[in-house]
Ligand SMILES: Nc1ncnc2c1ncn2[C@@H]1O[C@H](COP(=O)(O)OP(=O)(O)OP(=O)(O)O)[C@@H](O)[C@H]1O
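Only one chain is given next, in structure tokens, and it is the form predicted alone.
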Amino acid sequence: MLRLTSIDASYGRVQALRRISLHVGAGEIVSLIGANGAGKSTTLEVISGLIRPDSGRIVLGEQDVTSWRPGRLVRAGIAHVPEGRQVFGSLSVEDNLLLGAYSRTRSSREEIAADLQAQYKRFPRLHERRRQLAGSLSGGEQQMLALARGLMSRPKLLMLDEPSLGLAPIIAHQVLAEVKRLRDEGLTVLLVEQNARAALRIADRGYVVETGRIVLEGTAQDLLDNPEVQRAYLGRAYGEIWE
């Protein structure tokens, strides 16, 4: 589905990514774990075209998309749900969802309406709040909205940046359980998540990112069992709810 090869990226004179290489297979969840500032979010921004890499190659399917702009990447099937939800607070829940389908110029109104109803079925709370301003939703409801808005583009690859950030543990668990269900339905997911234990519990594979480099990769279970990963990222108290 996606392959990055030797990606370097910078913010001005500060190099954020160094020779990043990874791949995401169709129908799997791949998780990027690491400390704050390690380069996980930057990796997603490079893939979605928000940051132009200094060097390296990005291939989606069989197409080299390294130089593609964000709008073209959305139309090609990449949806990026950013950190902090970033819903349009002054618009209704339903208008936010409809904006998620903005790139689907070849879809009929009936198709978009059907997908809207599918998201309401997936997240009944959004249907209850559909006329409410998005800015008045709780944090968990806004995360559901951001996820549903991303799904309205009918992505092939869904990229999620810190979906559990700032949520109560039980709500975070519900959100990540929904991500796992999406994988079970056939969607491909690239997940950045600060709670490494929670991420690896639902992932197929993972990469550990430190100071802009990938220092370790493996199956999710291999990373969960790795003593160094346990010591650095898998604090027991933080992850108990995910057992």
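Note that residue numbering follows the sequence shown and begins at 1. All of these numbers come straight from a predicted model, not from anything done at the bench.
This protein has a second form, the form predicted together with the named molecule, left out of what is shown; the following refers to that one.
Within 4.5 Å of any heavy atom of the named molecule in the predicted bound form lies no heavy atom of residue 197.
In the predicted bound form, the named molecule sits within 4.5 Å of a heavy atom of residue 16. In the predicted bound form, residue 66 stays away from the named molecule, with no heavy atom inside 4.5 Å. Within 4.5 Å of some heavy atom of the named molecule in the predicted bound form lies at least one heavy atom of residue 35. Relative to the named molecule in the predicted bound form, residues 95, 150 and 153 are all farther than 4.5 Å at every heavy atom. None of 214 to 222, 35 to 43, 198 to 206, 178 to 186 except one has non-hydrogen atoms within 4.5 angstroms of the named molecule in the predicted bound form; the exception is 35 to 43.
Contacts to the named molecule in the predicted bound form (heavy atom within 4.5 Å) from stretch 51 to 74: none.
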